[in-house]
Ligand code: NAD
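The form predicted on its own is given below as one chain in structure tokens.
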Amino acid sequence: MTLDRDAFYIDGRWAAPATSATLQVVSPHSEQVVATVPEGSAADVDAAVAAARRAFDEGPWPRMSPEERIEVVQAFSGLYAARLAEMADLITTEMGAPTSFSNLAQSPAPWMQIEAFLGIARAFPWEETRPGVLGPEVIVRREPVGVVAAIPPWNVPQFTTISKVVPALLAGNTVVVKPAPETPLDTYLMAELLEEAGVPAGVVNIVAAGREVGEHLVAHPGIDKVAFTGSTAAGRKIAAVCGEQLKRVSLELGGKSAAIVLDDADLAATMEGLKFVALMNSGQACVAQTRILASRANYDAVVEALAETVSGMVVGDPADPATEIGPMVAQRQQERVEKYIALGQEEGARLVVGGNGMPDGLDRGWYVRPTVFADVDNRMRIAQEEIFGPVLSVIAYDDVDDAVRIANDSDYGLAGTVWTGDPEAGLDVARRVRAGTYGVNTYTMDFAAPFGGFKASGIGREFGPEGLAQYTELKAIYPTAPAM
């Protein structure tokens, strides 16, 4: 079965592209082309925005009741649930995520988001009446923002697409999705499911394209809000454009999160946990906790345990269920990670496991050897900059106060964990670290709670009622004249 596509999803139909340009989807494992799809141009974006604008300004979707929209999204959820395995396989094929991760986070987690947002929407205060100060009552309504540009990254493409599209739809918005050029295939399947669920024409439009066309979408006068997940550098540029145009914007950006290992932690359990929180999706995750903080008293034991854990992880074909570390998404990403590994050694960090060169047993694919550095100073670039690969830095701290200081000594503030035998002590640490999400002896994202970051990790929140509220505008209505 071919995965090739020859059209975009615009205005409820499969529309021919404006140019003959194409994107090649390349397997990070085999380095072979697995699909060809159209590459969007500014003209394609203009058509998609025009369709979304008509659907918002003239169509039924924003004028439906929340209950009617919920019914359509519920149908989408049922269709999505039936295609989870297919979605997971597509994402493993296009970006190289280990199938064990894809079948956990790349498709079941997005479906869980849909279900969570449905429950939140049913209880959401779309319109409420409050006692007034100048009059007997005030009506407060939450109305849709308008046309939303949803721009997901390549690392968890459905996870980040659904986190934007579903709350936008439930709130009554229309959407233009620009998937990353590396990972367009999953959005085609999503479009088919949305159409089958009965989402009206023009409400969701999808154009895969590169950075320049993405910039055109962000600056387009027909866009009312931009929802972006990606690098902090790109987020700054988007924020500048949205600020100039006074567009609504939400940004989920980078991270350089710290996992603090206290001396009373169960080391074996901690290492098992760090395999996920530090190296999920082969380290290609914004929440990956790649700074491992260990006390000076326990430092050697943590380094030794981490080295044993990482060196024992299975690296290889992402389609193999036994694989724990797959390839980087593209050759440029492989080269970027290898440059950081070389930089760590130049900066004076001690290479404990890994290093540059292909992992044993592999002679092709964009693989990187899982790497652990010890004797890392938090001022080193490998400790301050987001590498987005399987590279961990172990940093020593003097006491708990010092650990918190080091964890907070970062431009980012997205995630973190603390590992301890004393949950109350762990909660105390969690309250002191400036990060948007934090775990004690675990790390997860609960879709009932807000997700996002402090500092350079972004603006706004996804998930929970807060995530739905990002796609609404507040309106106050005064049904009676105030008493004078």
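Don't overthink the numbering: it's just position in the shown sequence, from 1. Keep in mind that this is a model prediction, so the values were computed, not measured.
This protein has a second form, the form predicted in complex with ligand NAD, left out of what is shown; the following refers to that one.
Residue heavy atoms within 4.5 Å of ligand NAD in the predicted complex occur in exactly one stretch of 382-390, 129-137, 260-268, 291-299, and that stretch is 382-390.
Shown alone here, Gly316 lies farther than 4.5 Å from ligand NAD in the predicted complex, counting heavy atoms only. The shortest heavy atom separation between Tyr443 and ligand NAD in the predicted complex exceeds 4.5 Å. Although the partner is absent from this view, Lys237 contacts ligand NAD in the predicted complex, with a non-hydrogen atom inside 4.5 angstroms. Put simply, Val147 is far from ligand NAD in the predicted complex: not one heavy atom of it is within 4.5 Å. A single residue from the set Trp366, Tyr188, Trp154, Phe276 has any heavy atom within 4.5 angstroms of ligand NAD in the predicted complex; that residue is Trp154. This chain is displayed alone, yet in the predicted complex one of Pro98, Pro167, Gly202, Pro179 has a heavy atom within 4.5 Å of ligand NAD; that residue is Pro179. Contacts between 213-229 and ligand NAD, taken as any heavy atom within 4.5 Å in the predicted complex, involve Gly214, Glu215, Val218, Phe228, Thr229.
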